[in-house]
Each structure stands twice: as structure tokens, then as C-alpha cells.
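The chain below stands alone and is given in C-alpha cells; this is the form predicted alone.
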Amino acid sequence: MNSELCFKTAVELTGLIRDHTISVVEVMAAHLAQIERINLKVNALCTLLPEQALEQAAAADERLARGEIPGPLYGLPIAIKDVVETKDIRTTFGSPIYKDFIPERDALVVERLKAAGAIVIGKTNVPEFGAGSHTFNPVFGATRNPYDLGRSCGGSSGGGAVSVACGMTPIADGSDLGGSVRNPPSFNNVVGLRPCPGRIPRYPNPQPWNTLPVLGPMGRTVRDVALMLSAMAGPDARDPLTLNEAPRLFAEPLDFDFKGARIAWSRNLGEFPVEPAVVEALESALPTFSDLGCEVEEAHPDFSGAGEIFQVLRAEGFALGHAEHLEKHRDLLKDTVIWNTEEGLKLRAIDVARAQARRAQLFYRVHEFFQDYDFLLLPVSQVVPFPIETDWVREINGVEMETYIDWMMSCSLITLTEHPAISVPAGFTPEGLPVGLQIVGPFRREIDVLRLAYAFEQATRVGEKRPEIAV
């Protein structure tokens, strides 16, 4: 019964709570039991507060009995990514430097999730400082893929994606710079959305004009992700990039007729190698779009030089974010964080300025592309989940990866465009490893991306397959 309850969608659970069919305490107890049964196997939740969670669940039931109008996420357990500050809950960033850090305030996104009725039960595991698409750190160790415990769960929102995949929480927050809210969903057969910069405001934020990193929702279904986005999005004056549109649209039905929609499919944007198993799984799913009435053809924008642009701008952010860590705690940093920070410290002003100018030209090329096509489809990840002992992928199809982030350019290049992108379950390899499809939509049209992902999800039902260890 507990497992059955834990795999109900967020939309279903909030409905059952609202009409008093089930209590918040029952929902919380079921998820805590699932955590006790599963988390030791996967190590997705790195900090857990079960007693506090049950107390807050009981208080939520009392408020509901008094006639309080429930928010969109009312009574849902959620664990917050361990790079996001949570008041009075340890936030380590996956680093020994912060292993005992307890923030005095919540980040804005946590405030919003709580205001929507979600109950924070703890934190989800991350790579050190969220660096890299493989979740391991010296504080809590590695998070395992529930479909194969010997494989990576991706990163950096790996703990959250695994928690959702295993029914330990119905939804999870994530953040995404080079693919961190897309790669883990792809590796774990769940859904993750990278919205446009400013859609979900960020505060506090030491780099508020940096548009590479964004926050995003994850869930087992597209509707759950849209519901969560409706609670996370909306303007806030403390974020200079914030968008003023009200987020109510994301909570509305996602049904849409895509007959005649123009869709481009690209195996690799002409820029990077992709493992054959990924391409095979995705190309097997492509006929679904034709069945939906879409017109599908192979095409992609010109992404030439985009990898270099991303490396420069990422390194700039690392220099600002970690120069002090490098100076004071070099012995406590992993080698990839050291490398990326030092690469940033080498940059000249003209290097950054040229990268921004070239990024502008890329944006214009992508804008022109979306005058001819409504959506772009491509792989989320260039590889299938790899052995957990591998710190980062060194080669794909015989092509050497020069840096620890080269194997995720399938996401990183999309980051540069500022267009919304979603990872939706699309298939499995013959070995039973999940493969996600990345759907990219027009600038600031997250709702279009959600609608197409929902149509694909309903037609394929791939996301309904659960990891055997969790059911």
C-alpha cells in the first residue's frame, strides 16, 4: 500500500488531500517508509528530518481541517537540492568546506515551495558544488542509479531525480547550468524542465546577470513538473532577470492538438558524438510525433563554435564562485573544480567579451531556426548511464573528451540559447537503462514544450516503468 501511494502523481496526491480522502500524515508516513526501505540502496537523500516532517504534516492536516485553502503543492514531501540554502537544515554543497554549514534563511525558491504547501523533509545529494553530471562527493559519497545500482544517476540534480524515480518524493527541485536538470531525469526515467532564465527567480544569487544557471522542476510526469513550475515561477523584484508573466498557465490542462507542427530532429547538432544505443532508442520513438500529426525532418541550427563559448562562460562563473575556495581550501576541492576555476582565472576581459558576442550570434541563428520549426528534438545525454566508479566520461565512439563536461554538450549547447528544454522518458536500451529525449521550444515558451512533452508522454507511457528495487 505504501509503495502504491508513493507512486501516485503529485497531481493525484494533492487532489486526494484536498478532498480529505487521505491525510497529509498518511502521505508523509508512506514516503518516509519508502525512504527507509530504499534510500540505503541508492543514497539519494543525504540529510533527512523525519520527525520534523511528521510534525509539519500533522500541522498541515489541522490547518486543512480549519478550512485553510490549500496551495498547489499542499502536503507533498520534498527534499531540496543540497546546493540550495534551507533555513536550519544543513546545506553542504557536497563539499567538506561546508559539511557543517546551517543557513539562517531559505532561498527564495524554498520559500515559494513552502508557501505552496510542500513540506521539506531534507536534502538531496549532489556532486561537489554541483560540478559535473555525475553525483558523488567526499561528504556523502555517490548516488546510485535505481535501474542499475552499479551505474551513475547523472548530475548534478542526481539525488533529486533518484528520489522521484524511487517514489521517495513525488517531486524535486533542481538547478541546471550545463544539463543538471535534464541529464539526471534522462538517466532515471523521470521528467525535468530547464526553463528560460528569469522564469524562476533566484535569490540570493551572487551572479544575478549570469543566464547560464537556472532553477527547474523534476517529477515522474509532465503534469507534475508543470504543477511544480506554477509554484516556483513568477516575478520577484530581487532578481533583475525575472519575468513578469503570472505562472497560472502552467497549472492548466496540457492537452493540445499538434497536427501540422513542424519538428526538427538532430542526432548531434553536427557537433558531438553520441553512443549508438542512445540514438537507436530515440529514433525508435520518433514515429510517435508523426502519429501525433507532426511533420518531422532532420535539421538543426548552426552551433559551430558553441562548445568554446560555453567553456569560456562557465569558467568565468567558476572563477567568481570559487577563487576564494581555491585560495583558502585547495586541498579540499576536487580536481575538476580546481581546473575549471583556474581556467576562469586565466581569462582576459577580451576573451569573455568575444564569447558573449559570439553567443549573441548563436542566439540570432537559433531564433531564425525557430521561424521555420516549432520544436527541436535531440538527445539529452550523449551516453547511457555509465559505471559509477567512472568520475567522468573520457571517450565516446572513440572520440576523446578533453574535459569533464565535454560529454554533456548535448545539453550545454542548448543552455547557451536560453530556450526552454525538457527531458522526457523516451525508451530503454537492451540492458534496461533509461534514455531521455530533449525537446527544445521557442524562446520563453515553456508552455509549448510542456504540451508537446505531455502529448509524447501520453502516447508512449515510457515513464510508467519503475525501477524494480522501488516497487
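Residue numbers run from 1 along the displayed sequence. Note that the structure is predicted; figures quoted are calculated from it, not measured.
Keep in mind the form predicted together with a further copy of the same chain is missing from the figure; the text below concerns it.
Visitor: Can you confirm whether F7, A246 and F258, the three residues that make up this candidate site, all sit within 4.5 Å of a further copy of the same chain in the predicted complex, judged by heavy atoms?
Guide: Checking in the predicted complex: none of F7, A246 and F258 is within 4.5 Å of a further copy of the same chain.
Visitor: Would you classify F101 as touching a further copy of the same chain in the predicted complex, given a 4.5 Å non-hydrogen atom cut-off?
Guide: F101: no contact with a further copy of the same chain in the predicted complex.
Visitor: Does the 4.5 Å heavy atom contact test between R348 and a further copy of the same chain in the predicted complex come out positive?
Guide: Judged by the heavy-atom cut-off of 4.5 Å, R348 is in contact with a further copy of the same chain in the predicted complex.
Visitor: Is F443 one of the residues lying within 4.5 Å of a further copy of the same chain in the predicted complex, judged by heavy atom distances?
Guide: Flag for F443 set to yes.
Visitor: Would G117 count as a contact of a further copy of the same chain in the predicted complex, using a 4.5 angstroms cut-off between non-hydrogen atoms?
Guide: Taking the distances in the predicted complex, the answer for G117 is no, it never comes within 4.5 Å of a further copy of the same chain.
Visitor: Counting only non-hydrogen atoms, which stretch in 71 to 79, 276 to 284, 123 to 131, 234 to 242 is within 4.5 Å of a further copy of the same chain in the predicted complex?
Guide: Checking each option against the 4.5 Å cut-off leaves 234 to 242.
Visitor: Considering non-hydrogen atoms and a 4.5 Å limit, which listed residue (P201, G307, G344, P213) is close to a further copy of the same chain in the predicted complex?
Guide: It is G344 that has a heavy atom within 4.5 Å of the partner.
Visitor: Note which of R267, R394, H329, H367 lies within 4.5 Å of a further copy of the same chain in the predicted complex, where distance is taken over heavy atoms; exactly one does.
Guide: Exactly one residue meets the criterion: H367.
Visitor: So which residues in 39 to 66, when you check a further copy of the same chain in the predicted complex, have a heavy atom no farther than 4.5 Å from it?
Guide: If the 4.5 Å heavy-atom criterion is applied to a further copy of the same chain in the predicted complex, 39 to 66 yields nothing.
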